[in-house]
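A lone chain, given as structure tokens: the form predicted on its own.
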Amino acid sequence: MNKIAMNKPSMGQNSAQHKQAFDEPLWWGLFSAGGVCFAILLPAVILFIAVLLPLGLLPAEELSYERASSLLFSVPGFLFVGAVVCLPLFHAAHRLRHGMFDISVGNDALNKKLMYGSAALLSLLALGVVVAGMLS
């Protein structure tokens, strides 16, 4: 199987048509930031909310509905959602895009738009919910 590298110019007849991917460092940066947030912050959130709180090792009033709502619908909550939801979405989109390229599924330009576009839309939706809660 003859497969062209994702960002390398081809040495054949299509070399004049090759365009360099100037946006690739942006996607790799979001991939990296999402991986760090996914590896560091998400396990801590799961530990506190899904393990320690139900076991009674944390005071229940610390994460009551009123307190959690006031924390989530604030500027720190906006940053928290960005770090715990939005960046891992871009991490997953990057993994899916490169996985689809590796197994030769679809057109890379279309996959790129589909993966990163869906990550951007879901991120806007998540951050929009936080902003709507802040304004109400």
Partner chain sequence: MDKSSSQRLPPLKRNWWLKHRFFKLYMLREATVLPLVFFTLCLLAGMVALLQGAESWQGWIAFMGSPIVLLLNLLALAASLYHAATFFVLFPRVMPIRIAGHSLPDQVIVAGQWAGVVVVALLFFWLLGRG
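Residue numbers count along the first chain shown, from 1. These numbers come from a predicted model, not from an experiment. Here, rigid core means the biggest group of C-alpha atoms that superpose within 1.5 Å across both forms.
What comes next is about the form predicted in complex with its partner chain, which is not displayed.
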property: Contacting member of Leu110, Leu26, Leu79, Leu63, with respect to its partner chain in the predicted complex [4.5 Å, heavy atom]; result: Leu63
property: Its partner chain contact in the predicted complex: Ile103, any heavy atom under 4.5 Å; result: yes
property: Heavy atom of Val75 within 4.5 Å of its partner chain in the predicted complex; result: no
property: Residue contact check: Leu125 to its partner chain in the predicted complex, 4.5 Å heavy atom; result: yes
property: Residues in 37-72 with any heavy atom within 4.5 Å of its partner chain in the predicted complex; result: Phe38, Ala39, Ile40, Leu41, Leu42, Pro43, Ala44, Val45, Ile46, Leu47, Phe48, Ile49, Ala50, Val51, Leu53, Pro54, Leu55, Leu58, Pro59, Glu62, Leu63, Ser64, Tyr65, Arg67, Ala68, Ser69, Leu71, Leu72
property: Gly29 C-alpha moves between the shown form and the other one by 2 Å or more, core aligned; result: no
property: Arg67: Cα shift of 2 Å or greater between the shown form and the other one (core-aligned); result: yes
